[in-house]
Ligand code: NAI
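Taking the form predicted alone, here's one chain by itself in structure tokens.
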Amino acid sequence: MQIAFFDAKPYDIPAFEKLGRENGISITFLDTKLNRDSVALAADCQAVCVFVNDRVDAEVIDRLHERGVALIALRCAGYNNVDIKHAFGKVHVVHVPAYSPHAVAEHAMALLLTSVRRIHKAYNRTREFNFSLTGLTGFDLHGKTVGIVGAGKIGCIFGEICRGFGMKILANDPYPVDMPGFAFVGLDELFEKSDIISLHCPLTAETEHLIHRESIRKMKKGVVLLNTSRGKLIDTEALIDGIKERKIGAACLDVYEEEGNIFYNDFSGHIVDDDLLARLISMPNVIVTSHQGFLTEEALQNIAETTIRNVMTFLQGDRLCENELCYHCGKIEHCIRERMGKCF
């Protein structure tokens, strides 16, 4: 098996290189992202390995199929950047549904604590020997209500962390789970009653711009908004207006809807041509991290192990890969429960 590994970063390579060698898989690591301009680099490969900002649309899928590529191996949980419907019958798609839900959930809590206790501001002050406390007043998390949109593994773990702080948990998910202390409610009720709202749902046609002008109007004044899932869950212009109108008290973002050509790169010596991102970063009550919620040693190892296991399972003929994504019954990752073999 020859794999073209797109958008490779230094922290990706060691685990994949080792596991690939141990399993007889040859991996070509490429700096470039996969898109219509770079798809030719997958020539002579049977699989491609892609990440969140690779663009795997219909044209790319057709060109991969023409070149004999049989497998798209996502090394992430989300798959909004892959046209799953168009891939059906042409190229199989697998993903890593749970590389380390603790990593992302803990990062969300780190962002929340940093924001409400002004840790980032205090850090900058004390490095300049400014020990004034003026402007650093925060608020207790104990007793506050957190609304969790998306009660999958990450959302549930984040809720458990919040319960440890003595917070009340409201949750919304099309597939409610039985979690102690979780009250499942409609989105409107969640928006209206939550002091903090954290997004942990996938990006789909239904969830794109889930946070928009109307939903922001329903929220409490001073609400803290967290997003460690996908950038396009939030309408950025509506978010900026909500902050300017003092409706949103703080925003903690590990993702951004136009991050594709910006995140994971060093632009410290350049002018970034994105006015919305520049405005967000300039706001004192906004924290932006560059999609690093997954970035722990444990998560990187789990991602590599699951991805290589997905590839090895695919190579074993008709054996079912539990992490396959397909459009066979329109349920994408849920149709796994109704079939006994490969998607096609």
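Numbering starts at 1 and follows the sequence shown. Source: prediction; values computed, not measured.
As for the form predicted together with this ligand, it is not shown, yet the points below apply to it.
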message = Can you work out whether residue 172 and this ligand are in contact in the predicted complex, taking contact to mean some heavy atom pair no more than 4.5 Å apart?
response = yes
task = Determine whether any heavy atom of residue 150 comes within 4.5 Å of a heavy atom of this ligand in the predicted complex, and answer yes or no.
result = yes
key: residue 92, heavy atom within 4.5 angstroms of this ligand in the predicted complex   = no
query = Looking at the partner-bound form in the predicted complex, is residue 254 within 4.5 Å of this ligand by any heavy atom?
reply = yes
message = Which residue, 201, 211, 87, 223, is the contact with this ligand in the predicted complex, using a 4.5 Å heavy atom cutoff?
response = 201
inquiry  = this ligand is absent from this chain, but in the predicted complex, do 20, 44 and 310 each have a non-hydrogen atom within 4.5 Å of it?
reply    = no
inquiry  = Within 4.5 angstroms, counting heavy atoms, which one of the listed stretches 287-295, 59-67, 36-44, 22-30 is next to this ligand in the predicted complex?
reply    = 287-295
ask   = For the stretch 100-130, which residues lie within 4.5 Å of this ligand in the predicted complex by non-hydrogen atom distance?
value = 104
